[in-house]
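Here we start with a single chain on its own, the form predicted on its own, put down as structure tokens.
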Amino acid sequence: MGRFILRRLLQGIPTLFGVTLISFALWRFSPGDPVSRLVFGAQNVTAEEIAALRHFYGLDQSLPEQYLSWLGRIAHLDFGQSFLYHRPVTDMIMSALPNTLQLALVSLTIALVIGIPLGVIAARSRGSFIDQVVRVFGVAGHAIPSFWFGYLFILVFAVQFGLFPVGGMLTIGKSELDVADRLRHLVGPAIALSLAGIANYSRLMRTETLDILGQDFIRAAQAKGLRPRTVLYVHALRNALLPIITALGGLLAVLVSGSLVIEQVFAWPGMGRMIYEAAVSKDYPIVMAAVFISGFLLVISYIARDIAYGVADPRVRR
């Protein structure tokens, strides 16, 4: 297993390098200049001052020099200084990333805890009313945009009934250790972000469970007189989970990047809002830091998926 994990780690390095290289080139060749945006509207700005700003941020270097310089700083976990906020990007990431990871992990947990059992129940009750409800929910979960559901949640549960706050992560004046208040703020964005995952996993789990239940080894287990619950939850479920494990690859990075819209809707102070403002302002250091972190999470997610797949199916290790 150790060599298996090491091999996956080494394979992830070129992937991460390629993601950062392509993103760096795309942002540099895209229209717009961050220095022009910084001095926009300022009066009496001379060309020498603009050149000094470009030199200060390293934008007067060639693209290969800028990329190699950026890689050198990344090796020391230094993402540079934000053009927009004039703060070290590392400090900004450290304050925003935990909030986004909290939202992403809770949403992933909700999607798995609800979606997988729904799929198993639908497969066990194939053709019944419960099966039809789960299938309709699966279609609706994919069709409903997450941001629309977020606004609907705010309108109904926050504005009309006052059960949950409209947005934010903590009520002003509340202690940061107030777990109940944090959970009330987390319910809305977590459900909105997990809606598509619940629909996807329920549909996938139903399909895979029905496929496994029709195979020969399941019929052999039934012929031995095993109880239906044992056949379903011991023999069928483990094999049906293998495609779910495959679908989980890269999902953490997708949730982190996909939380941009939800964080805007619920005013959640995470990476999504920061990335959006940085992209609009051509704030290269923040955007590249976000790309690097998303790529790193993508690689880690795929490695975790491969490890889990190797545990569930030992043949994969060979």
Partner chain sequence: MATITASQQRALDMNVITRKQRSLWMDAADRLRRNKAAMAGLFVILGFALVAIFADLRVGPLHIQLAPYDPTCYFYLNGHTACGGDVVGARSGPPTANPFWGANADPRFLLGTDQIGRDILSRLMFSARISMVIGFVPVVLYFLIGGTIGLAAGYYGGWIDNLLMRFTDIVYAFPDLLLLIIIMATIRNTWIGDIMGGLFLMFIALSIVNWVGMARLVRGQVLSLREKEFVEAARSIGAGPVRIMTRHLLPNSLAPVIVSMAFSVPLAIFAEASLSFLGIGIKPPTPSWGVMINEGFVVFTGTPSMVLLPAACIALVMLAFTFLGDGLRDALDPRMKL
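Numbering follows the first chain given and starts at 1. Just so it is clear, the structure is predicted and the values come from calculations on it, not from any experiment.
The discussion below concerns the form predicted in complex with the partner chain, not included here.
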query	finding
Heavy atom within 4.5 Å of the partner chain in the model of the complex - residue from Leu155, Leu71, Val234, Val187	Leu155
Proximity of Val159 to the partner chain in the model of the complex, heavy atoms at 4.5 Å	yes
Partner contact for Thr230 in the model of the complex: the partner chain, 4.5 angstroms, heavy atom	no
Proximity of Leu105 to the partner chain in the model of the complex, heavy atoms at 4.5 Å	no
Close approach of Tyr284 to the partner chain in the model of the complex, 4.5 Å, heavy atom	yes
Residues of 261-292 having any heavy atom within 4.5 Å of the partner chain in the model of the complex, listed in sequence order	Val261, Gln264, Val265, Ile275, Tyr276, Ala279, Val280, Lys282, Tyr284, Val287, Ala290, Val291
